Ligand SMILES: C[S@@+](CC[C@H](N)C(=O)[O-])C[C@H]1O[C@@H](n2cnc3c(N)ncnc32)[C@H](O)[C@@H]1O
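Single chain ahead, by itself, as structure tokens, in the form predicted on its own.
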């Protein structure tokens, strides 16, 4: 994706108003957290943790020790503030690092390993599931957030966004890939159009607001060009062809 500006700055600006930095609503994320049934004293890892909202929800619901990793200097700072404000700094460790290079102290030791909306860290959906599975104890949970094609994407949509038609699989194929890795599917939580509209719309609003408030920033032109192109692609095609879901698996 050629944004014409620093990628982390771009996402930091466009996701300024997001609690969770993915298309699933906060309410649905909270519902999913309630289904995890994590053990007392469990160990949790979230790769590409964003603002650590998911980890905060998990730590508030369960007595666990958690680690969050993110490569963005903008979101890891927001994550630290989030964790501190909620009094969870003693139970959530945050690392500004490349999650793809992280290894827990012991293999097969985690009760929950997650990577939500960042399968690029491990090259793809399958690679993400394989990497997280190696870190998770037998009987532990693997959670990923991943897009899926609801219908075949229009060539015009692919051209405008620069997306590869192999960007993602279907909803059913995302599940099958997990089963091929050796995991058992427990649950899926799917974003609906309202969730998507909010996720996308907050980005447009944040970008326009930033441009108004920072007219002298040399990145404003690239910021608006990219967000408006993304907006047009979403409204014309993406809303009808691209889905999003969280996939919760158990390691046998």
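Since the model is a prediction, treat every value here as computed from it, not as a measurement. Numbering follows the first chain given and starts at 1.
There is also a form predicted together with the named molecule; it is not shown, and the following applies to it.
Judged by heavy atoms within 4.5 Å of the named molecule in the predicted bound form, the contact stretch among the candidates 168 to 176, 132 to 140, 96 to 104, 78 to 86 is 96 to 104. At least one heavy atom of residue 20 is located within 4.5 Å of the named molecule in the predicted bound form.
At the 4.5 Å threshold, heavy atoms of residue 153 stay clear of the named molecule in the predicted bound form, well away from it. In the predicted bound form, residue 158 stays away from the named molecule, with no heavy atom inside 4.5 Å. When contacts are judged by a 4.5 Å heavy atom cut-off, residue 112 does not count as touching the named molecule in the predicted bound form.
With the partner omitted from this view, the residue of 43, 191, 48, 56 that lies near the named molecule in the predicted bound form is 48 [heavy atom within 4.5 Å]. Contacts of stretch 49 to 75 with the named molecule in the predicted bound form, defined by any heavy atom lying within 4.5 Å, are made by 49, 50, 69, 70, 71, 72, 75, listed in sequence order.
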